[in-house]
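Single chain ahead, written as structure tokens, the form predicted on its own.
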Amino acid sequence: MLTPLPPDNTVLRMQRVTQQYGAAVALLDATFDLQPGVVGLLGPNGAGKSTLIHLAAGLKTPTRGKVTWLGGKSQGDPALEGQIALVPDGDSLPKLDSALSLVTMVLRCHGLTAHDAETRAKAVLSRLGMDAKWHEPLGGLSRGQRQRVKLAQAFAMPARLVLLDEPLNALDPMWRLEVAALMHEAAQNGACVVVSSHILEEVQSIAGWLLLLFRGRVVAAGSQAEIRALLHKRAQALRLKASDPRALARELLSRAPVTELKIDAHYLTVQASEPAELFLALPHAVLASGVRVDFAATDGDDLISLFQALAKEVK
């Protein structure tokens, strides 16, 4: 059974959490709350994603700070039994066990009867296309099939917090869609599903809420709409192809807080301290200069550019 959530609906809370390994800092001063839904944990390799996942799973005790679950429950609280499911990165399944025996055993360990555990295991494995491979040793399965067995272990449990570290690795497109559907179904049933990945486009298509990590720091957190607003605010440059870029540049300089300007043949690249003011000034500058604009685009209005911009602030 799913444990009832506290009134504030918080599944996971980290308060100023730091994790060190000797002198190396893997996670620094992380503070956030997670509610039910699909959460994308994004960052380049080495950003601290796996460390955060292990802390969220209760497998590590933070060097400093506090991690709580389900409204204030602490690491080791018996009430958390069966409420956290983890799919770690890597391939470490026992080679001699079968898919059915492994998933059934996991469910038995969390209190299900033998009959209920096997019934539930078969249902989830079938959903992931593994019904024809129930009794085959895991060592003889393909990497993608073993990945589906790992995911079946997590989704078979009625957990409130589902932690998936690079869950779509080795999966064919069809099974990626099916796993995404399982994520959303779990979220609709009240779980918080955390999807860790370094592939931005992949997680953007799945998660409604994003947590961005860079060099061990949470550099941005919020809904996709909030992240898009942050991207717009931090747009790096406006690039235009114009019949007379110098004339257009003069008009923009007089109408917007331009901080940088570059002219290359028929192209004009311009940056401003307030991007919104630059965008508002552009049509007026075009009309006043009489210049024809054949092309206009923003550089920096994607998550990769946001990471690059935020990275400058945490160096």
Partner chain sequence: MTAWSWSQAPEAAKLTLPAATAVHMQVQLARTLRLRTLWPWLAVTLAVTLGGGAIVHFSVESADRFADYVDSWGIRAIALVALGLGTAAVRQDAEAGALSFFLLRPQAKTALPIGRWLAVSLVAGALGVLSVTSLWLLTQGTSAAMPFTDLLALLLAAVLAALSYSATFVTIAIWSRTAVGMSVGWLVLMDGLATQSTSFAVIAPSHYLATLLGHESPPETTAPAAVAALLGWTVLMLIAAAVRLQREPPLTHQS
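Numbering follows the first chain given and starts at 1. What you see is a predicted model; the values in this text were computed from it and never measured.
Another form exists, predicted in complex with its partner chain; not displayed. Remarks below refer to it.
Colleague: Please pick, from Asp244, Asp116, Glu201, Asp172, the one residue with any non-hydrogen atom lying within 4.5 angstroms of its partner chain in the model of the complex.
Modeller: The residue in contact is Asp116.
Colleague: Tell me, which of Leu211, Ala191, Leu164, Ala207 has a heavy atom within 4.5 angstroms of its partner chain in the model of the complex?
Modeller: Here the answer is residue option Ala191.
Colleague: Heavy atoms within 4.5 Å of its partner chain in the model of the complex: which stretch among 32-40, 259-267, 283-291, 60-68?
Modeller: Contact-bearing stretch, as computed: 60-68.
Colleague: Though only this chain appears here, would Leu177 touch its partner chain in the model of the complex if you measure heavy atom gaps against 4.5 Å?
Modeller: It does not: once its partner chain is placed as it appears in the model of the complex, Leu177 has no heavy atom within 4.5 Å of it.
Colleague: Can Arg215 be called a contact residue for its partner chain in the model of the complex at 4.5 Å between heavy atoms?
Modeller: Answer no; every heavy atom of Arg215 is more than 4.5 Å from its partner chain in the model of the complex.
Colleague: If we define contact as a non-hydrogen atom of the residue within 4.5 angstroms of the partner, is Gln153 a contact of its partner chain in the model of the complex?
Modeller: Yes.
Colleague: Would Glu185 show up as a contact with its partner chain in the model of the complex if we use heavy atoms at 4.5 Å?
Modeller: So Glu185 counts as contacting its partner chain.
Colleague: Across 15-43, which residues bring a heavy atom to within 4.5 Å of its partner chain in the model of the complex?
Modeller: Read in sequence order, the lone residue that approaches its partner chain (within 4.5 Å, in the model of the complex) is Tyr21.
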